Structure formats: C-alpha cells, structure tokens
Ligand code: SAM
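Form predicted alone, single chain, as structure tokens, below.
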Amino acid sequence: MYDLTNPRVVRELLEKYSLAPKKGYGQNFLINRDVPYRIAASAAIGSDAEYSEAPRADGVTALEIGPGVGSMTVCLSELFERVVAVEIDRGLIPLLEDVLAGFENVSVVNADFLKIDLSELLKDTEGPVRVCANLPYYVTTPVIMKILEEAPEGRKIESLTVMIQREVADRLCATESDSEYGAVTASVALHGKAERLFTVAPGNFYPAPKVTSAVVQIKLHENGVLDVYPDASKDKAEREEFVARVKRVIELAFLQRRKTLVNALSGAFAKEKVLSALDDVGLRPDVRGEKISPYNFCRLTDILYK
C-alpha cells in the first residue's frame, strides 16, 4: 500500500507514469496525511471531526470529485460503503488503478464532472450520497452549483464537504451582515446551509498553492427551498421555476453592488413595483442586495412576479 501523502512517494508515482502536476487542472496534491483523513471523517460524521472519531458510514456512498493521486480516496474507502471518484485527467487513470488496486468498494470514472449527468452517474447508488472533494479553485462555484441544482430527487445527496480557496469559503459561509455576503452566498443558501470547518495552509500541498485553503461543509435542506421559504409552491415544477426567478433577482441585485436594490432591478421591474415590494417585506427603499437575507429574496421575488 502506497503512502499517498508522502511527497517522495507522490513524486515517484508521477514519474512512474510520466506525469507532472497540471496547472490547467488545478492539481495540488495533499501531502499531510491528517488533512484528507479529517475531511473524510467530517464528511462521514457531518461536522468537523478527527478520523479516530468517525464510525463507518454503512449504506452511504461518497462521491469524490478530482481524486488526484488517491490520497483522500483511500480514506473515504475506509469510512464509506462505496466510493465513486470522478477524475478529468486521463493520464491519472492508470496511476489510480495502481494505487487503488485491492480497494474493491472504489470505482473511478474518467470524465469532466461539469459535463456529467449526475442522475445517470448515481442511478445505481442505493442510500444517501455525500460529496467530498479537493476542488480546483477555478471550478469551485460551477461544481458546487451543479451539485446543488442537479441533485437527484429524494435527497440522495445529503452534503458536500469540499476544500476550496479560503476567500471563497468566506463568501459561501457569510450572512447578510458580513461584507463577504454576495450572490453566490444567497444562491447556495436556497439549497443548503454552509459552514466553514477548518483552514489548510499551502504547505500541505505538492506543489504548494499561493493561497490558503479552507474546508466547507454544505448540508442540503431536506425539503429544498421550502426550508428557506415555506410559502413556495409544493408543486415541483413550479418550485423549480420559483428558485430560478429568485436566483435571477439575486444576480441582478449583486451585478453592481453599490446600487440600491430599486436601481439594480429597474431594468427588469417597474420602480414603483420594487418600492412596493420592499415596503411589503419591511425593507428600506434604499436597501442594497448585500443586506437582504435569502428568505427576504424569496419574499421579494414572490411579490414581484405576482
């Protein structure tokens, strides 16, 4: 069994398969054993946890995005009944087949996760799914939003435990009282609750990135947007259309942060209608998007489209 967090072993494995970390894929491999084990344990338990505290998650599948050389894949295989790992880099597939030989509960899929059909990928999976990933910084938001928006019906995907750039983590976990609060914050909040678990310094990676990372866990709402806004329609199609409208209002609200909401939405709605909606919700006429909670974005959208 390979020590996949030993820098020397990682370099030797890459050399064996004539590979090198690819900047285009944001490949920074973990070289501190404690980090992948802590991420895997946190995914298994549902909160920040050390590996020794984590019981095996029987009946639960881990969906890993970007396994790299497999350091976290091995940890997940020990804690979850099944692991499905999606790797975009075709060159890493022979290496992964080597290091994961003997791990019978792991299957590796060579595909671009952003182009994959999530329902098709998970169609043979029984029980809940928890996503775990060391995400390249350049695809962080698209990957997270894809999962939240395309998660199969029935709450099959319960949570995401992902390592991302610290600044992005700050935005995901902000509230409307924080300066980091933005469009992605409000949009993610429609689907789940984000919490920052711990930070990871650059020295824990090979090669070392120029930024500090953080691990964030997003627990999906059991009833979707209904857990944020109970007045949303109980009809699935109508509810999906409503969420799309809320996200459009959020997008407009943050397109130019310095504008008041009235001015930000003036191209899509009559000024008088926006002012009336703000009054109905109990918000000041000069309020900006950064001060509006996800719940109030839902209320405003409901009123504006009615």
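Values in this document were obtained by computation on a predicted structure and should not be read as measured data. Sequential numbering from 1, following the sequence displayed.
Missing here is the form predicted together with S-adenosylmethionine; even so, the following discussion is about that form.
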Exercise. Though only this chain appears here, would Phe103 touch S-adenosylmethionine in the predicted bound form if you measure heavy atom gaps against 4.5 Å?
Worked result: no
Exercise. Hey, in the predicted bound form, is Leu135 touching S-adenosylmethionine, heavy atoms inside 4.5 Å?
Worked result: yes
Exercise. Heavy atom to heavy atom, is Ser71 within 4.5 Å of S-adenosylmethionine in the predicted bound form?
Worked result: yes
Problem set entry | Contact of Asn28 with S-adenosylmethionine in the predicted bound form (heavy atom, 4.5 Å) | yes
For this session: Given that the partner is absent here, state which listed stretch (217 to 225, 183 to 191, 89 to 97, 164 to 172) has heavy atoms within 4.5 Å of S-adenosylmethionine in the predicted bound form.
Result: 89 to 97
Problem set entry | Selected contact from Glu120, Asp231, Asp112, Asp235, since only one has a non-hydrogen atom within 4.5 angstroms of S-adenosylmethionine in the predicted bound form | Asp112
Problem set entry | Contact set, 61 to 77 vs S-adenosylmethionine in the predicted bound form - heavy atom within 4.5 angstroms | Glu64, Ile65, Gly66, Pro67, Gly68, Ser71
